[in-house]
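Encoded as structure tokens, the following chain is the form predicted on its own, with no partner shown.
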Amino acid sequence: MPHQKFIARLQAVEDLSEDERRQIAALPATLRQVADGEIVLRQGETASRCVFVVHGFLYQTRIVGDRSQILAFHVPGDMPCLHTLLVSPMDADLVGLGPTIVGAVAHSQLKQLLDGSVHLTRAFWRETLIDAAISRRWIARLGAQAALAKVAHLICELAARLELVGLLDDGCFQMPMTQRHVADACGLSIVHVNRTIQELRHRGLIAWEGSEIELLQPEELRRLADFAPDYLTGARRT
């Protein structure tokens, strides 16, 4: 079911009834395979649909000065352009990271769903607020943390987000993220990223082989990164 991870993501931030889960699952969605590096939505494009990640990963990027800056990574269950329901056009390129499958739901279908449910509107709104909270943490990480803590924080955040949708297995996750991606997300050079990852390995905090990343000492890694995952779900209220 293409909506499964998206429903799991919403369920993590807002309790959904069985009927609400059925309504989301019934949304007409067009599936599309996305190649590594393929642009799904371009900066400046006026979107008429919201994209969600079914399998694989996406990231948002734009050119700042003379370098590429990754603004966000998106994992299965994320709907990275939900804001385009009200704010358009896209302010960054949305790009595939490794082989990816995305679904697309027309704005008109989503608006019809939300117009009929105050509670689902709150759930989707909370998702956009959490996305904004993630962006604020990225700004703080870029501006205030040293390289080692920056990379550690990124790894901790990705692991926590994947755990929410059942994709963290005993501290391990699969993600085809290269040192170039880490550099562009953390505002570092590839050389600096390489040294930083080697230091994390040397301390016995992580193992990173190919696309598999393992948190060997998760509590120590979180302490180094000054990472607390509360901003990823927010305080759930009845």
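Only a predicted model underlies this, so the values are computations on that prediction, with no experimental measurement involved. One-based numbering along the sequence shown.
Omitted from view is the form predicted together with a further copy of the same chain, to which the following refers.
Engineer: Does any part of Glu163 reach within 4.5 Å of a further copy of the same chain in the predicted complex? Heavy atoms only, please.
Structural biologist: Outside the cut-off, so no.
Engineer: Can you work out whether Asp226 and a further copy of the same chain are in contact in the predicted complex, taking contact to mean some heavy atom pair no more than 4.5 Å apart?
Structural biologist: Because a heavy atom of Asp226 falls inside 4.5 Å of a further copy of the same chain in the predicted complex, the answer is yes.
Engineer: Does Leu71 reach a further copy of the same chain in the predicted complex, with heavy atoms at most 4.5 Å apart?
Structural biologist: Because a heavy atom of Leu71 falls inside 4.5 Å of a further copy of the same chain in the predicted complex, the answer is yes.
Engineer: Is Thr30 near a further copy of the same chain? Define near as a heavy atom within 4.5 Å, in the predicted complex.
Structural biologist: Thr30: no, not in contact with a further copy of the same chain in the predicted complex.
Engineer: Please tell me which of Ala104, Leu168, Ala147, Leu114 lies within 4.5 Å of a further copy of the same chain in the predicted complex, judged by heavy atoms.
Structural biologist: Comparing distances to a further copy of the same chain in the predicted complex, the residue within 4.5 Å is Leu114.
Engineer: What residues in 172-193 sit within 4.5 Å of a further copy of the same chain in the predicted complex, counting heavy atoms only?
Structural biologist: Sequence-ordered list has one entry, Gly187.
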